[in-house]
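Given next, in structure tokens, is a single chain: the form predicted alone.
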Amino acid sequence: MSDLDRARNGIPRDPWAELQSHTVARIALGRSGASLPTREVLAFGVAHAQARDAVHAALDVAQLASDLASLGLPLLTVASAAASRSAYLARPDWGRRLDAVSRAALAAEAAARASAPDVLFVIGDGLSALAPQRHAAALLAALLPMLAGLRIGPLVIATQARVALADEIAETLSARLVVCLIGERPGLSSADSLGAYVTFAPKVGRTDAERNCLSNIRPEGLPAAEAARQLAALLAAAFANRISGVTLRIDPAATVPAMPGSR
């Protein structure tokens, strides 16, 4: 019912209706007796199914590699020790370590490189392959021009990946800092939310308290351009202070400082 129809019939204007127009969150659902309207029950079922599908969806590595190719950086592909999606979901610890083949390939890559990278980007499927599939290339395209003066390592696509897998990858390649772009646990209105986790001096055994995170990177949440600006500021602060994690504080609205030069 329109506001005009409400006014004509003496029905108060619903303030929730305006709020609902600004968000995809589940607010102002209405009711039918003591229950939700049928349309909302059905919408909940659809959202729940989309979230479950996102968790089980496989990353299209070939398509992602094609999307990333325009960035002009070498591409590597690795896998965690979780050999299947069911193993990945049942054993989170396997998703935090490389399989033997990937570990050997990265060691050979490190030995062949003349210099170690300042920044390494690891793009992982995580709990929603939809997120990196849809948003990683756009985020990197916006971010990379802000990192002038830093050596950027190869882009590493990781499957069956948890956040901590990036630590082993970066340690093997001797990167000073790693950014893990990974699919976050889907919500009922956000099946494709991308997270960006920053770890300075990455190595196996780093804790979540030693990382910084930007969350909900997607057009309906934190858009790629703004996420890139905040991420660049975070990287500059991490290099300047030589730390990451809960002890690193930045102002998200601050102007991005100049990046330090390569070591």
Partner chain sequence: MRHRVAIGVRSHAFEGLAELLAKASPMRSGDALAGVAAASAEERMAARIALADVPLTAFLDEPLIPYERDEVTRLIVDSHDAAAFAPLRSLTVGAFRDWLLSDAATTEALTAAAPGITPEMAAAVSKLMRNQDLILAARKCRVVTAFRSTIGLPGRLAIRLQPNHPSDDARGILASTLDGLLYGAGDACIGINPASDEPRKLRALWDLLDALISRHGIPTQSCVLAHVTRQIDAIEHGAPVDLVFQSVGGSEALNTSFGISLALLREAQDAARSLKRGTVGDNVMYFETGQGAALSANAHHGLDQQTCEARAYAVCRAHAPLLVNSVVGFIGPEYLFDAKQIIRAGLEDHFCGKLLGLPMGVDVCYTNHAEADQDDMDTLLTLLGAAGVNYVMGVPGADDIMLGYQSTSFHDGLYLRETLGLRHAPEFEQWLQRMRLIDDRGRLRDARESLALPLLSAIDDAPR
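Residue numbers count along the first chain shown, from 1. For the two forms, the rigid core is made up of the largest set of C-alpha atoms that agree within 1.5 Å on superposition. Quick caveat: nothing in here was measured; it's all calculated off a predicted structure.
As for the form predicted together with its partner chain, it is not shown, yet the points below apply to it.
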Interface stretch in the predicted complex with its partner chain - options 88-96, 166-174, 142-150, 104-112, non-hydrogen atom within 4.5 Å: 88-96
Contact assignment for its partner chain in the predicted complex, among Ala28, Ala57, Leu68, Ala201, heavy atom within 4.5 Å: Ala28
The single option of Ala233, Leu36, Cys213, Val61 touching its partner chain in the predicted complex, heavy atom within 4.5 Å: Leu36
Does any part of Arg249 reach within 4.5 Å of its partner chain in the predicted complex? Heavy atoms only, please. no
Though only this chain appears here, would Asn241 touch its partner chain in the predicted complex if you measure heavy atom gaps against 4.5 Å? no
Leu73, heavy atom within 4.5 angstroms of its partner chain in the predicted complex: no
Using a 4.5 Å heavy atom cut-off, state whether Leu188 contacts its partner chain in the predicted complex. yes
Interface residues of 37-69 toward its partner chain, as seen in the predicted complex [heavy atoms, 4.5 Å]: Phe44, His48, Ala51, Arg52, Val55, His56
Is Thr23 one of the residues whose C-alpha moves 2 Å or more between this form and the one not shown after the core fit? yes
